[in-house]
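Okay, here we've got a single chain as structure tokens, the form predicted on its own, with questions on binding and movement later.
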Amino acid sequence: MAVNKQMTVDQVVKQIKNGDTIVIGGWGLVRKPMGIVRAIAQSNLKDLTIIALAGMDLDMLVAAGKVKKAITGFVAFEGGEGRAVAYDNARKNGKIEYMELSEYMLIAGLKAASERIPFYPTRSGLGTDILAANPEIKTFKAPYTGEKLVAMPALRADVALIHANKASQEGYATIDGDRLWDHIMIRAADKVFVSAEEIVPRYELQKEMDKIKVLTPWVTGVVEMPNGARPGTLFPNYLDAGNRTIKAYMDAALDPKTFKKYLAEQTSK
């Protein structure tokens, strides 16, 4: 008998603990689970470590004072008019810890976690200052060729947050277009929560089997959340970033009172 995994966003937030490591799917402003991110920003959670190819998701959580450490391949409002003002300010003023990696080093760390191995071999990072900035990342001599490689440590997460186009109550979900690295992030986390534009019967998803990118065995809970990636983009539902909302966010992000009001206004819409 199929298990109904549908829940509310508040039920998702209650399953996240202080100090958890959260990996967030999507890319920049593309297909980010912003509805869940906003709920976390309004919660009492703190001391989170965020792993992401990040944009407003990370920046908003930093602005809300939820982030202890950020592990990123980049932080950019790619696809929209804006920049990560809260993250930039927190990093420059030493308010958060951060590990800045190449995009592939971050993915390699998630691959290691998804495959339950302690590190993943890669050439990415060699000849750069990334290794000097992160001395905990080791290099090693390849046993077969003798070449120098990077041993990117596993980036295991407590929670993964993903946004999808459609999902079923059982936890299957479709992603239209590029799945990016979400399928790796799902397997690198202990709990996986999927927000979706629409919850539909499973037989509806089965009409487009090639788009089912998230499988129920990996999923802890699903949330129906129309416009859940706003003000970012979601192919093909909405392709233009909400630049007015992004500007309003940037204007509010560095002032706690204004930011709290901004969050309340966005949640009420």
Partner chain sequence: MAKATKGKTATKKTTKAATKATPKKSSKSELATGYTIEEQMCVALAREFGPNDRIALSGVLNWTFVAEALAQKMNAPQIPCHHDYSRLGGNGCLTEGPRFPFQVGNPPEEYPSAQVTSEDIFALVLGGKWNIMMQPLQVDKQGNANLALIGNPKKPDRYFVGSRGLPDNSTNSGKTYFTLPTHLKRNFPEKVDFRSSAGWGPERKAGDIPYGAIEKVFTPLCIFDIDPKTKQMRLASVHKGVTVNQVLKNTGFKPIVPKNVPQTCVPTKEELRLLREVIDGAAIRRLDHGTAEEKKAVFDQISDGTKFTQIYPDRK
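Numbering follows the first chain given and starts at 1. Everything quoted here is computed from the prediction, not taken from an experiment.
Missing here is the form predicted together with its partner chain; even so, the following discussion is about that form.
Heavy atoms within 4.5 Å of its partner chain in the predicted bound form belong, among the stretches 164 to 172, 151 to 159, 118 to 126, 193 to 201, to residues of 118 to 126. For the residues 71, 75, 110, 186, the 4.5 Å heavy atom test against its partner chain in the predicted bound form is passed only by 75.
Contact with its partner chain in the predicted bound form, defined as a heavy atom within 4.5 Å, holds for exactly one of 62, 225, 30, 52, namely 30.
In the predicted bound form, residue 97 stays away from its partner chain, with no heavy atom inside 4.5 Å. Its partner chain in the predicted bound form comes within 4.5 Å of no heavy atom belonging to residue 137. Taking the partner from the other structure, its partner chain in the predicted bound form has no heavy atom within 4.5 Å of any heavy atom of residue 218.
For the chain shown alone, residue 145 is not a contact residue for its partner chain in the predicted bound form, no non-hydrogen atom being within 4.5 angstroms. Taking a 4.5 Å heavy atom cutoff to its partner chain in the predicted bound form, the contacting residues in 83 to 102 are 83, 87, 88, 91, 92, 93, 94, 98, 100, 101, 102.
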